[in-house]
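The form predicted alone is given below as one chain in C-alpha coordinates.
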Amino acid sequence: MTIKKTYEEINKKIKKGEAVVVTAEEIIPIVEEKGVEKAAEEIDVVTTGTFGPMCSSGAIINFGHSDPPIRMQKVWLNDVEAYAGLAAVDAYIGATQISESRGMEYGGAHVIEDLISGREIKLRALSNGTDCYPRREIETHITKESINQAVLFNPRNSYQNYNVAINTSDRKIYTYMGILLPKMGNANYCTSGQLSPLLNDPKFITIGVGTRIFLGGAQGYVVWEGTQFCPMSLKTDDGKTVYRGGTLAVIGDLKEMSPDYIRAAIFKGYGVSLLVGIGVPIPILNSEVMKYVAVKDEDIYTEIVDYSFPRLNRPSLGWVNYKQLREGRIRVRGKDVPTSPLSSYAKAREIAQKLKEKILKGEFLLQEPIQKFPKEREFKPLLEIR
(Lines give C-alpha, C1' and ligand atoms only; values in the text may rest on other atoms or scores of the structure.)
Protein backbone atom coordinates (compact mmCIF):
# COMPACT_ATOMS: atom_id res chain seq x y z
CA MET A 1 0.00 0.00 0.00
CA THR A 2 1.30 3.45 -0.94
CA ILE A 3 1.23 5.88 1.99
CA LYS A 4 0.37 9.50 1.24
CA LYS A 5 -0.35 12.15 3.86
CA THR A 6 -0.80 15.93 3.69
CA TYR A 7 0.26 18.73 6.02
CA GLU A 8 -3.40 19.47 6.66
CA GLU A 9 -4.13 15.90 7.72
CA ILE A 10 -1.14 15.78 10.05
CA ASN A 11 -1.96 19.18 11.59
CA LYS A 12 -5.53 18.04 12.25
CA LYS A 13 -4.16 15.08 14.17
CA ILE A 14 -1.79 17.37 16.10
CA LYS A 15 -4.70 19.64 17.10
CA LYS A 16 -6.73 16.63 18.27
CA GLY A 17 -3.80 15.19 20.20
CA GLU A 18 -3.76 12.12 17.97
CA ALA A 19 -0.48 12.61 16.11
CA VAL A 20 2.28 10.05 16.55
CA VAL A 21 5.59 11.86 16.94
CA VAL A 22 9.06 10.41 17.50
CA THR A 23 12.60 11.77 17.33
CA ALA A 24 15.12 10.94 14.62
CA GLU A 25 16.83 8.59 17.08
CA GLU A 26 13.61 6.84 18.09
CA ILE A 27 12.53 6.18 14.51
CA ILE A 28 15.56 4.00 13.74
CA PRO A 29 14.57 0.88 15.75
CA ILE A 30 10.91 1.35 14.68
CA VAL A 31 11.86 1.13 11.00
CA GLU A 32 14.23 -1.77 11.69
CA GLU A 33 11.38 -3.67 13.35
CA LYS A 34 8.41 -2.73 11.16
CA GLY A 35 9.92 -1.68 7.86
CA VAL A 36 9.63 1.61 5.98
CA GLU A 37 6.05 1.21 4.71
CA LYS A 38 4.50 0.18 8.04
CA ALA A 39 6.42 2.86 9.93
CA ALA A 40 5.31 5.51 7.42
CA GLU A 41 1.72 4.45 7.99
CA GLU A 42 1.97 4.71 11.79
CA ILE A 43 4.26 7.73 12.33
CA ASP A 44 3.19 11.30 11.51
CA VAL A 45 6.21 13.44 12.45
CA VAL A 46 9.91 12.85 13.11
CA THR A 47 11.77 15.60 14.96
CA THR A 48 15.42 16.49 14.42
CA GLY A 49 17.92 18.69 16.21
CA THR A 50 21.32 20.30 16.05
CA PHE A 51 23.32 22.57 18.37
CA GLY A 52 26.67 23.96 17.35
CA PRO A 53 28.66 26.99 16.21
CA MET A 54 26.96 28.85 13.37
CA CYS A 55 29.09 31.90 12.58
CA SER A 56 26.76 33.36 9.95
CA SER A 57 24.27 34.62 12.54
CA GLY A 58 23.12 37.94 13.94
CA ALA A 59 20.21 40.07 15.16
CA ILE A 60 18.23 43.02 13.82
CA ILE A 61 17.33 45.45 16.61
CA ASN A 62 15.02 48.46 16.65
CA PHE A 63 15.96 50.73 19.55
CA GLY A 64 13.09 53.22 19.35
CA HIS A 65 13.45 57.00 18.90
CA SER A 66 15.02 59.36 21.39
CA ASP A 67 13.96 62.95 22.03
CA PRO A 68 15.43 64.82 20.20
CA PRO A 69 15.72 62.05 17.59
CA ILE A 70 18.91 60.73 16.03
CA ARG A 71 19.59 58.94 12.74
CA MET A 72 22.18 56.44 13.91
CA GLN A 73 25.06 56.12 11.46
CA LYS A 74 27.52 54.38 13.77
CA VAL A 75 26.32 52.07 16.53
CA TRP A 76 28.14 50.12 19.24
CA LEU A 77 26.59 47.62 21.65
CA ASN A 78 28.87 46.90 24.60
CA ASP A 79 31.69 48.28 22.39
CA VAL A 80 30.85 45.84 19.58
CA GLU A 81 30.14 47.69 16.35
CA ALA A 82 26.79 46.97 14.70
CA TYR A 83 25.77 47.86 11.16
CA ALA A 84 23.46 50.90 11.22
CA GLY A 85 22.83 51.53 7.52
CA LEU A 86 19.26 50.24 7.69
CA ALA A 87 17.20 53.18 8.98
CA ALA A 88 17.29 55.76 11.76
CA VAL A 89 17.20 53.40 14.74
CA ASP A 90 17.63 49.91 13.26
CA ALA A 91 20.91 48.02 13.42
CA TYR A 92 22.23 44.55 12.65
CA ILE A 93 24.69 43.03 15.10
CA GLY A 94 26.78 40.22 13.62
CA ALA A 95 27.73 37.29 15.82
CA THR A 96 31.42 37.29 14.86
CA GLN A 97 32.09 41.03 15.24
CA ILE A 98 34.54 41.58 18.12
CA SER A 99 34.66 44.19 20.85
CA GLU A 100 36.79 47.27 20.26
CA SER A 101 37.85 47.30 23.93
CA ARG A 102 38.02 43.59 24.79
CA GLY A 103 39.04 42.05 21.48
CA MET A 104 38.26 38.38 20.97
CA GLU A 105 37.15 37.93 24.59
CA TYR A 106 33.75 39.41 23.71
CA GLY A 107 31.77 39.89 20.51
CA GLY A 108 28.42 40.14 18.81
CA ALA A 109 27.47 36.64 19.94
CA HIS A 110 27.93 37.73 23.57
CA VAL A 111 25.74 40.79 22.98
CA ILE A 112 23.02 38.50 21.61
CA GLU A 113 23.29 36.10 24.55
CA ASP A 114 23.32 38.99 27.06
CA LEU A 115 20.23 40.47 25.42
CA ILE A 116 18.35 37.15 25.57
CA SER A 117 19.38 36.74 29.21
CA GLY A 118 17.85 40.13 30.13
CA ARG A 119 21.15 41.88 30.87
CA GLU A 120 21.67 45.58 30.22
CA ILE A 121 23.53 46.45 27.04
CA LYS A 122 25.37 49.76 26.64
CA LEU A 123 24.27 51.54 23.45
CA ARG A 124 26.42 54.24 21.89
CA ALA A 125 25.56 55.90 18.57
CA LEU A 126 26.90 58.73 16.42
CA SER A 127 25.35 60.78 13.62
CA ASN A 128 26.13 63.74 11.36
CA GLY A 129 22.78 65.29 12.33
CA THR A 130 20.00 66.47 9.99
CA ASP A 131 17.01 68.80 10.23
CA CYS A 132 14.63 65.96 11.11
CA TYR A 133 17.23 64.03 13.13
CA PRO A 134 19.25 66.80 14.82
CA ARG A 135 20.91 64.75 17.55
CA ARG A 136 24.53 63.82 16.87
CA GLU A 137 25.36 61.46 19.72
CA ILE A 138 23.62 59.28 22.27
CA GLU A 139 24.80 56.96 25.04
CA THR A 140 22.35 54.89 27.07
CA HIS A 141 21.48 51.33 28.07
CA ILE A 142 18.97 48.93 26.56
CA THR A 143 17.40 45.60 27.52
CA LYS A 144 15.19 43.26 25.54
CA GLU A 145 12.21 44.79 27.35
CA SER A 146 13.09 48.38 26.45
CA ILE A 147 13.58 47.90 22.70
CA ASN A 148 10.82 47.44 20.11
CA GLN A 149 12.05 44.43 18.16
CA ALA A 150 14.95 42.03 18.44
CA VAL A 151 14.90 39.56 15.57
CA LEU A 152 17.44 36.78 15.22
CA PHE A 153 18.22 36.59 11.50
CA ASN A 154 20.87 34.08 10.52
CA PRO A 155 21.89 33.95 6.85
CA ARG A 156 23.59 30.54 7.03
CA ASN A 157 22.73 27.92 9.65
CA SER A 158 22.34 24.16 10.02
CA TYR A 159 25.05 23.17 7.55
CA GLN A 160 24.04 19.86 6.06
CA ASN A 161 27.21 17.82 6.43
CA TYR A 162 30.45 19.53 7.37
CA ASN A 163 33.84 17.92 6.87
CA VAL A 164 36.23 16.56 9.49
CA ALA A 165 39.19 18.88 10.13
CA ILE A 166 42.69 17.52 10.61
CA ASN A 167 46.21 18.99 10.48
CA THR A 168 49.17 17.18 8.91
CA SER A 169 51.64 20.05 9.39
CA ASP A 170 54.29 20.34 12.11
CA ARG A 171 52.61 23.26 13.90
CA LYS A 172 49.41 23.81 15.82
CA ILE A 173 46.79 25.78 13.84
CA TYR A 174 43.82 27.79 15.07
CA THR A 175 40.65 27.51 12.98
CA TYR A 176 36.86 27.86 13.05
CA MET A 177 36.94 24.09 13.53
CA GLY A 178 38.87 24.57 16.76
CA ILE A 179 42.52 24.02 17.57
CA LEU A 180 44.08 21.39 15.31
CA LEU A 181 47.17 19.72 16.75
CA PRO A 182 50.23 19.03 14.57
CA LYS A 183 50.94 15.71 12.86
CA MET A 184 47.30 14.62 12.96
CA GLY A 185 47.09 14.95 16.74
CA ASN A 186 43.30 15.31 16.65
CA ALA A 187 40.30 15.45 14.31
CA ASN A 188 37.34 17.79 14.89
CA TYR A 189 33.86 17.48 13.41
CA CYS A 190 30.68 19.52 13.68
CA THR A 191 27.46 17.77 12.59
CA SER A 192 24.90 15.91 14.70
CA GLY A 193 24.70 12.95 12.30
CA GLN A 194 21.49 10.96 12.50
CA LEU A 195 19.77 13.79 14.40
CA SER A 196 20.87 16.53 11.98
CA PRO A 197 17.91 18.25 10.22
CA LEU A 198 19.30 18.40 6.71
CA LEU A 199 20.59 14.83 6.80
CA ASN A 200 17.07 13.61 7.63
CA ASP A 201 15.67 15.41 4.59
CA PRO A 202 18.72 15.45 2.31
CA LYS A 203 16.74 16.19 -0.87
CA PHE A 204 14.66 18.96 0.77
CA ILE A 205 11.34 17.20 0.19
CA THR A 206 9.75 18.85 3.24
CA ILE A 207 12.12 21.71 4.10
CA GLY A 208 11.84 24.98 2.17
CA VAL A 209 10.86 28.64 2.41
CA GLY A 210 8.27 28.99 5.16
CA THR A 211 9.07 25.81 7.12
CA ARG A 212 8.33 26.38 10.82
CA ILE A 213 11.21 25.35 13.07
CA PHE A 214 12.45 25.34 16.64
CA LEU A 215 14.99 28.17 16.81
CA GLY A 216 16.88 29.04 19.96
CA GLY A 217 14.07 27.84 22.20
CA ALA A 218 11.29 29.65 20.30
CA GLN A 219 9.37 29.13 17.09
CA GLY A 220 11.12 30.38 14.00
CA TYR A 221 11.00 29.98 10.25
CA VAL A 222 13.17 29.09 7.29
CA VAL A 223 13.09 32.26 5.19
CA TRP A 224 15.35 31.27 2.30
CA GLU A 225 18.11 28.97 1.26
CA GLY A 226 21.19 29.73 3.33
CA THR A 227 24.16 31.53 1.85
CA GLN A 228 26.62 29.21 0.10
CA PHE A 229 23.68 26.85 -0.47
CA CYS A 230 25.02 24.21 -2.82
CA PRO A 231 23.12 20.94 -2.37
CA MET A 232 24.89 17.98 -3.84
CA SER A 233 25.30 14.27 -3.51
CA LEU A 234 28.36 12.34 -4.52
CA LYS A 235 29.59 8.77 -4.46
CA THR A 236 32.64 7.62 -2.56
CA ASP A 237 35.02 5.13 -4.16
CA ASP A 238 33.13 2.25 -2.54
CA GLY A 239 29.73 3.50 -3.73
CA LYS A 240 28.39 5.24 -0.63
CA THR A 241 26.15 8.29 -1.20
CA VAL A 242 27.22 11.47 0.62
CA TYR A 243 24.92 14.49 0.92
CA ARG A 244 26.39 17.90 1.70
CA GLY A 245 26.22 21.61 0.92
CA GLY A 246 22.67 22.50 2.02
CA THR A 247 22.17 25.45 4.41
CA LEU A 248 19.25 27.42 5.85
CA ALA A 249 18.54 31.11 6.36
CA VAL A 250 16.38 31.35 9.48
CA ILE A 251 14.51 33.98 11.49
CA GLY A 252 12.78 34.20 14.87
CA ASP A 253 11.87 36.47 17.79
CA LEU A 254 14.99 36.90 19.91
CA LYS A 255 12.91 38.06 22.88
CA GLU A 256 11.29 34.62 23.13
CA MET A 257 14.55 32.67 22.95
CA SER A 258 16.54 31.05 25.74
CA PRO A 259 20.26 31.09 26.57
CA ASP A 260 19.87 27.31 26.88
CA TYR A 261 19.81 27.21 23.08
CA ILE A 262 21.67 30.38 22.05
CA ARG A 263 25.16 30.74 23.49
CA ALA A 264 28.27 32.74 22.69
CA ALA A 265 31.50 30.87 22.02
CA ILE A 266 35.15 31.84 21.73
CA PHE A 267 37.50 29.89 19.45
CA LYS A 268 41.06 30.56 20.55
CA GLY A 269 43.11 32.19 17.82
CA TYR A 270 40.10 32.46 15.51
CA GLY A 271 37.40 34.59 17.12
CA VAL A 272 33.81 34.63 18.31
CA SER A 273 30.91 32.47 17.16
CA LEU A 274 27.32 31.76 18.18
CA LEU A 275 26.09 28.34 19.26
CA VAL A 276 22.59 27.96 17.81
CA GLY A 277 19.98 25.31 18.57
CA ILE A 278 17.72 24.34 15.68
CA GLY A 279 15.07 21.65 15.46
CA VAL A 280 13.14 20.83 12.30
CA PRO A 281 10.01 18.63 12.27
CA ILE A 282 9.85 16.26 9.31
CA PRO A 283 6.26 15.36 8.33
CA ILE A 284 6.01 11.76 7.14
CA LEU A 285 4.19 12.43 3.89
CA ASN A 286 5.14 9.12 2.30
CA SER A 287 7.53 6.19 2.50
CA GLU A 288 10.30 8.07 0.68
CA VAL A 289 10.42 10.65 3.49
CA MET A 290 10.42 7.81 6.03
CA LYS A 291 13.34 6.11 4.28
CA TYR A 292 15.46 9.25 4.70
CA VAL A 293 14.57 9.97 8.36
CA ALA A 294 15.54 6.40 9.30
CA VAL A 295 19.18 7.12 8.43
CA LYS A 296 21.78 5.92 10.95
CA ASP A 297 25.15 7.35 11.95
CA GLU A 298 26.97 4.39 10.38
CA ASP A 299 25.37 5.21 7.02
CA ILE A 300 26.26 8.93 7.03
CA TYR A 301 29.72 9.66 5.67
CA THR A 302 31.76 12.85 5.63
CA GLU A 303 35.16 13.79 4.27
CA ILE A 304 38.39 14.12 6.25
CA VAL A 305 40.12 17.32 5.09
CA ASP A 306 43.63 18.62 5.79
CA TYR A 307 43.26 22.19 7.13
CA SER A 308 46.99 22.91 7.01
CA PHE A 309 46.54 23.80 3.33
CA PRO A 310 44.85 26.92 1.90
CA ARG A 311 41.06 26.60 1.69
CA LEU A 312 40.69 25.91 -2.04
CA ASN A 313 43.57 23.42 -2.10
CA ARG A 314 42.88 21.29 0.95
CA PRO A 315 43.53 17.62 0.17
CA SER A 316 41.13 14.86 1.13
CA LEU A 317 42.38 12.19 3.52
CA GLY A 318 39.44 9.86 3.03
CA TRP A 319 35.92 9.28 4.30
CA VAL A 320 34.51 8.37 7.69
CA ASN A 321 31.04 7.79 9.11
CA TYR A 322 29.52 9.39 12.21
CA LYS A 323 29.42 6.15 14.17
CA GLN A 324 33.19 5.95 13.84
CA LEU A 325 33.57 9.62 14.76
CA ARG A 326 31.46 9.22 17.90
CA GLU A 327 33.48 6.24 19.02
CA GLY A 328 36.29 8.71 19.72
CA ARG A 329 39.00 7.55 17.33
CA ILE A 330 39.41 7.19 13.59
CA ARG A 331 42.16 5.68 11.46
CA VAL A 332 43.90 8.13 9.11
CA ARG A 333 46.95 7.13 7.06
CA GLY A 334 47.60 4.23 9.41
CA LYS A 335 47.42 6.38 12.56
CA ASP A 336 44.76 6.32 15.29
CA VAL A 337 43.50 9.90 15.66
CA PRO A 338 41.27 11.05 18.56
CA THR A 339 38.06 12.82 17.51
CA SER A 340 36.17 15.69 19.14
CA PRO A 341 32.75 17.17 18.27
CA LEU A 342 32.24 20.94 18.16
CA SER A 343 28.48 20.40 18.12
CA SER A 344 26.66 18.86 21.08
CA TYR A 345 24.88 15.60 20.35
CA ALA A 346 23.29 15.66 23.82
CA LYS A 347 21.86 19.12 23.13
CA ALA A 348 20.66 18.05 19.68
CA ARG A 349 18.84 15.14 21.32
CA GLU A 350 17.32 17.53 23.87
CA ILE A 351 16.08 19.84 21.09
CA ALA A 352 14.52 16.98 19.12
CA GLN A 353 12.80 15.79 22.30
CA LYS A 354 11.57 19.27 23.24
CA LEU A 355 10.17 19.81 19.74
CA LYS A 356 8.45 16.42 19.94
CA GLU A 357 6.80 17.41 23.25
CA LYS A 358 5.59 20.73 21.84
CA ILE A 359 3.97 18.99 18.87
CA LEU A 360 2.33 16.38 21.10
CA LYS A 361 0.87 19.18 23.25
CA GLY A 362 -0.52 20.91 20.16
CA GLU A 363 1.76 23.92 20.70
CA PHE A 364 3.63 23.51 17.42
CA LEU A 365 1.97 22.97 14.04
CA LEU A 366 3.72 22.10 10.80
CA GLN A 367 4.00 24.65 8.02
CA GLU A 368 4.16 23.50 4.42
CA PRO A 369 6.87 25.35 2.46
CA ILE A 370 5.56 28.08 0.18
CA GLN A 371 8.55 27.58 -2.11
CA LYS A 372 11.00 24.73 -2.61
CA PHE A 373 14.74 25.25 -2.74
CA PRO A 374 16.58 24.97 -6.05
CA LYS A 375 17.89 21.50 -6.80
CA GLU A 376 21.22 22.87 -7.97
CA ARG A 377 23.29 25.92 -7.15
CA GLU A 378 26.81 26.84 -8.22
CA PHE A 379 29.30 27.57 -5.45
CA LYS A 380 31.60 30.38 -6.58
CA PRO A 381 34.91 31.53 -5.11
CA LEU A 382 35.71 35.22 -4.86
CA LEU A 383 37.03 36.55 -8.13
CA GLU A 384 40.08 38.75 -7.60
CA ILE A 385 40.51 41.35 -10.34
CA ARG A 386 43.81 43.17 -10.49
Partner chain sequence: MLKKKVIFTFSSENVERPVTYQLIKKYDLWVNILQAKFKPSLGGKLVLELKGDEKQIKEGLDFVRQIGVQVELLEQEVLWDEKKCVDCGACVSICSTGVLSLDKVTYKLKFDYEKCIVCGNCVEACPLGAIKVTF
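Please read these numbers as outputs of a predicted model, since none were measured by experiment. Residue numbers count along the first chain shown, from 1.
The next section is about a form of this same protein that is not shown, the form predicted in complex with the partner chain.
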Candidate stretches 171-179, 283-291, 152-160, 138-146, one within 4.5 Å of the partner chain in the predicted bound form by heavy atom: 171-179
The partner chain in the predicted bound form: contacted by all of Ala187, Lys268 and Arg326, heavy atom 4.5 Å: yes
Selected contact from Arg244, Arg212, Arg71, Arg263, since only one has a non-hydrogen atom within 4.5 angstroms of the partner chain in the predicted bound form: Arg263
In the predicted bound form, the one of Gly318, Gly35, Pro29, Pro338 near the partner chain [non-hydrogen atom within 4.5 angstroms]: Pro338
Touches the partner chain in the predicted bound form: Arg349 (any heavy atom, 4.5 Å): yes
Proximity of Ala125 to the partner chain in the predicted bound form, heavy atoms at 4.5 Å: no
In the predicted bound form, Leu198 touching the partner chain (heavy atom, 4.5 Å): no
The partner chain contact at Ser343 in the predicted bound form, heavy atom, 4.5 Å: yes
